[in-house]
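Coming up, as structure tokens: structure 1 and structure 2, two forms of one and the same protein chain.
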Structure 1
């Protein structure tokens, strides 16, 4: 079974995986260079990182077919570190980031993805689509008209080539777009921006090197905050991307293995002169759209990337940026959840607020972690408010008008504790009060405190109070934290009077 699964992951889609890997490698090059420039390091740092991360994650990652490399979200966090302390501190930070991510995997922090609601995922996807599109605007402003024509032609090829009989389904249209636009640009001698204009491509293979920096507490205090931030953003983006690819391919992935895999990949990147990276939503979708499904597509993307930048840089530098811009526009259009716009009318207001808030925060801060944090927080608050409304307390007088039974149904926790208290009348002069909680659940110490107050206040009015029906979980927390039967604690709670 394990052998069969491994064989399927690696060789179940060989031809399409190899072709998709080639397309991804071509799209990775300008982005890796651009992210290196953002971080303030030589282009080879981003290119070496992309190669190392893609190759390593193919073997140790938890999500076949997902592309990991140097990313803009991670590069933005490195700027001040590189500017202040230099490349070696960045490499050390990358290695430490990897160690922290491996620790996160062993702590099973990947399971935290279960707390991310679908509306947050949709907002994350839509925000990334917008950011991918906005990232292309510098290549489309203050440029010759030929760039617009070439970009439009590229989009035409991407969307129309799949309809060509036989060939349309055999060869990914993004690859045809790159080849055709490069031939047109070179044959017509167009004066437009190319990959070669992005920066000098490396001409040697990456080599093993330990970061040269002092091993002491002072150095650790410098790199740790950056490594912690990179760990959080890297894992967040990787796990969110894994969730999206799961949905696109109708398959599941091992999120905790992905955490460990990202960590191992970043350690290798740091030891071979690369910067920290993570999963890339745009490149992963290019891979999926180009037919890539297995680990071979990720491995081949890394290998093709290295071969091209080291051995074929002369030809690679000829590719017009317009071709890559067209591909990324296709990715942004394909990434955006257009159905979510139509669903705004049908979905509850709270769901729409969570989705839109996630989009707005990510787009304006360019920080995926902030957006997801806000989305998860809002979703939790709305959920708590909704659940707190499912609380009903009814009452019924007994045979004697001095006895009464309160029946509690629903969830009692911090957000419904005050509402629970408000259902009881302590001034009726009752002799006996029965509180039936067999259809209720007490979740936290706020709920226990509310129950204590009800019991204590009725006793203060001279009533005998009996609580019936506590389920096992509720009884455990009430027995542990309840104070109704502790006279000293009661006096302290009620202010001593």
Structure 2
């Protein structure tokens, strides 16, 4: 199952997939190095991770064409672990993360993505763009002027090169940016930071090595919290990226398979000396834009990455950081959803609050999981609040003026229970009160409790109370709703709507 894929998945788009893979590999290198530095490990840890994850996910992932590798969101979570316990604990954590993600896949947690609304995804994407941009700032502060000039030149090349006739569309402009800036800095002998300054680049292929990790409860207790956080963030980012790729390519993906695939990829990364990673929005977009669609694009990205790193490392280390910074600024600008800023004015306030708070929480905590959690929670609350307005209570006095019939229509649940109570006038001296709830939906125990309260209040005032249609109304109490997949049952529930 996990390895099943069609010929179309692999070879439906061979030429374009290979070219896109090359472009993505180039875009992966700076990030893999940069994120290794964020996490506090050698560049090779990130580069090996990116290779392993990209290659493995090409086979087992649920979303063809999506690029996974070492990511900043994950790197941010492991900083303190690396600082206090070292690399081997990180590798063990990576393996454990993979196991947890596979478990999540079997528990079908991918289906929970349906709770993540569009505004949360938009907020997440914007936050990620901001984080990527912020991650570049250390390279742009307290540096010689040459760096600024080089970065500006790099951005110029990236954005203007595509306008060069013929060549512009054939060769990816980030590649030109790297080539040109490297040549300039080498020929002028500029004293600026290069990739080589970031740490030693690997000169061998990754090899299998079990982490030197004491297998006891104590050490497990150390790594488990990190693994749990990495699991959640990794899956969130992967599944959201999958959603975005789904939208871009107008195809669908298997979210639960993606969970398991991410897990396998992380286990392999951990065993081959790499750090945990997940899907990358920026690189996935580059891949799609460059024409990559199939599994081959992901695989080739991983392989090209390794070839370049291992065999061309002496040239790679000459690349000035300014070139990579320019590329990452381009990625951050391209990832940010500028349309969402414009539509702030058009969208309802609640939607905007969800989006903006997702962004703010992510940017301030540097943890995507918190932001998404806040966004989902807010969206759910706003939704509950909206639905609670679908409640109408009408009343009619009887002939004698001392009887009254209340007719309740709409949704009664925890959030509308208070409003429901407010519709009844307990001041009227009534001998008999009839409450017709046959056209209402009682969604939870709060709703039933609210009705109880109404009945008790009227009874206390001396009235005789009759409730009509409670059976129909309370059928919606979903705990007894073991029928969610039964269309007939849903039909019955929707009766009259």
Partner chain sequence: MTHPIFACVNGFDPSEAVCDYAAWAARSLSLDVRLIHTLDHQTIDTATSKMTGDLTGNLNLGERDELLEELVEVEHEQNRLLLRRGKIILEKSKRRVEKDGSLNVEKTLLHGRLQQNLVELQNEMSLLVIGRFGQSHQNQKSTSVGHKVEGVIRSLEKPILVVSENFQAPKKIMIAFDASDASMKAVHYLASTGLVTGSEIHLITVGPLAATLHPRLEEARKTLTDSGHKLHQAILDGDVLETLVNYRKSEGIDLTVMGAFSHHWLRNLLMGSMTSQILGQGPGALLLVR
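If you superpose the two forms and keep the largest set of C-alpha atoms that fall within 1.5 Å, you have the rigid core. A quick note: this is a predicted structure, and the numbers were derived from the prediction, not measured. Positions refer to the first chain, counted from 1.
Participant: Between the two chains shown, which is the form predicted together with the partner chain?
Facilitator: Form predicted together with the partner chain: structure 2.
Participant: After superposition on the rigid core, does the Cα atom of residue 347 shift by at least 2 Å between structure 1 and structure 2?
Facilitator: Indeed, residue 347 is displaced by 2 Å or more.
Participant: 2 Å or more on the CA of residue 102 between structure 1 and structure 2, with the rigid core superposed, yes or no?
Facilitator: Shift at residue 102: below 2 Å after core fit.
Participant: If we fit on the core, is the Cα of residue 182 displaced 2 Å or more between structure 1 and structure 2?
Facilitator: Shift of 2 Å or more: yes.
Participant: Align on the rigid core first, then pass along the CA displacement of residue 334 between structure 1 and structure 2 in angstrom.
Facilitator: Rounded to one decimal, the shift is 3.7 Å.
Participant: With both forms put on the same core, how far apart in Å are the CA positions of residue 133 between structure 1 and structure 2?
Facilitator: With the rigid core fitted, the alpha carbon of residue 133 is displaced 4.0 Å between structure 1 and structure 2.
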